[in-house]
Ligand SMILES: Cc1cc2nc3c(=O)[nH]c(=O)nc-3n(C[C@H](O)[C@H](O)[C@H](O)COP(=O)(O)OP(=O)(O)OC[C@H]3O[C@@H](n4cnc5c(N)ncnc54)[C@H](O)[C@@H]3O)c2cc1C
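A single chain, nothing else alongside it, follows as structure tokens in the form predicted on its own.
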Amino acid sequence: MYDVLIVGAGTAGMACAITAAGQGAKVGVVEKSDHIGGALHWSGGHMSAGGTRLQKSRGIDDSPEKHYQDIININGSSGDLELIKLAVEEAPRTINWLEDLGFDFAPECPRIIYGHVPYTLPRTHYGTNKALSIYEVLKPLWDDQIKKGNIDLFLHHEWKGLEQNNNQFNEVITENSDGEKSFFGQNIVLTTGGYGSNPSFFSQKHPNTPLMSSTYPSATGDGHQIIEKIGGRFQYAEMHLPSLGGVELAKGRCNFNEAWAMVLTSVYRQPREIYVNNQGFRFMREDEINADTRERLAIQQPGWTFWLIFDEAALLERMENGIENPIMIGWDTEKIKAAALEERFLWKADSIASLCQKTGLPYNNLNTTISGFNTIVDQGNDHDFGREYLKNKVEQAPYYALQVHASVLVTFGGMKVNPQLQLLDQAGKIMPGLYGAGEFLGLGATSGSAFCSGMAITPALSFGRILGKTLTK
């Protein structure tokens, strides 16, 4: 019988196990993959907190109260406000803890991030190696507790079910190549992640919503399905909001780290392209700054996808400082040209008519849209959408069409918990012995109906640490 039994060895699970073991608890961790760390191997690693030592050292006057106020201003007071308060109150302690462990902050941190609706103060922290910077400081603590025998790790164990004994959930049933096995814990912490890599479960929770997933491959909603079957309450699916810029690298899959278009905001790159939907019509001001506005306009388009149309001059153009800054994040012009030859998500043609034949875009509509936009550039007035950056016509062959998607980076739905992170059933009653943290709770719980920078990883770490402390008192 473990003092704390954790299902899932990702961000929240690692933080919980390390903390509990450090306080003398005997911890068991079951994980279906062949490695620990979960999405820490995948994520950009953005964390947010108000009142950190790093902020103070940079002269930034911030606090959890200011952080909370920014969040509810951004999301319209949506989500689980009690959990959001808990998260922001614990956040500076979590960031300071990482700093004490030797976390390698990127030199520009903390900063304001415009890929989401921005905070009023610089409070987003991250490492030089994205989320791997977090993994790199947690792993030595993990290894130390493993060596001491305080953490038992069981890889390749797929979670299959739960059992109650004496009116408390204390048995986790798993399956591996040797068959079924039961693990017992006085407290069971569920940190199994999201469900963006399970198309059937995603469509069940988000009917008529296209899924172009960039989530970690093991994010298959196993925990949600098991807890729902025994009466747990799934919530916040209605708050789902995608991120813009994913390109389809494999069927239904994209990857933020490999190929992503800079259409999150125009703060970092002014548009040299026009955006058109599947009918060939413009539908937004391409130089719109607000990420939330852009996301909500994109999901009004058929298939939640759109096209970036540009010409050779736009592709070759450089910024005033000589930097290319092309449409694909981290790519250069030559890599983009090579991708156009593959014709997977980017197409190239010597005429608009030929481009339409390759992409399936309607020629008459697209040709009219391009002609109209070129006139707008000549006149210097976008009377249709109010675009102000008007320096690039679409007139110099070859022409390019890049298809981008409203993509899933994180899932908003998750299981309901109370402020003590105890799982609740459909009637709002405690499911004794069960606790939850991380994306298992859904981004909707800690970020509400909008993307608030750093409100996925920071709460995962913080809630994991909180449970590691409270369950061992």
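Throughout, we count residues from 1 along the sequence that is shown. Model, not experiment: these values are computed from the prediction.
As for the form predicted together with the named molecule, it is not shown, yet the points below apply to it.
Q: Choose one stretch from 49-57, 431-439, 62-70, 415-423: the one whose residues place a heavy atom within 4.5 angstroms of the named molecule in the predicted complex.
A: It is 431-439 that comes within 4.5 Å of the partner.
Q: Report the residue, out of Val27, Ala445, Val410, Val404, that has at least one non-hydrogen atom within 4.5 angstroms of the named molecule in the predicted complex.
A: Flagged contact: Val410.
(Q) So in the predicted complex, is the named molecule close enough to Gly468 to count as touching (4.5 Å, heavy atoms)? (A) Looking in the predicted complex, residue contacts with the named molecule do not include Gly468, since no heavy atom lies within 4.5 Å.
Q: Indicate whether the named molecule has at least one heavy atom within 4.5 Å of a heavy atom of Gly193 in the predicted complex.
A: So Gly193 counts as contacting the named molecule.
Q. In the predicted complex, does Glu158 have a heavy atom within 4.5 Å of the named molecule?
A. Although the named molecule is absent here, Glu158 would touch it in the predicted complex, with heavy atoms inside 4.5 Å.
Q. Does the named molecule get within 4.5 angstroms of any non-hydrogen atom of Ile457 in the predicted complex?
A. Ile457 belongs to the contact set for the named molecule.
Q.
Residue by residue through 213-238, which ones have a non-hydrogen atom no more than 4.5 angstroms from the named molecule in the predicted complex?
A. Sequence-ordered list: Ser214, Thr215, Tyr216, Ser218, Asp222.
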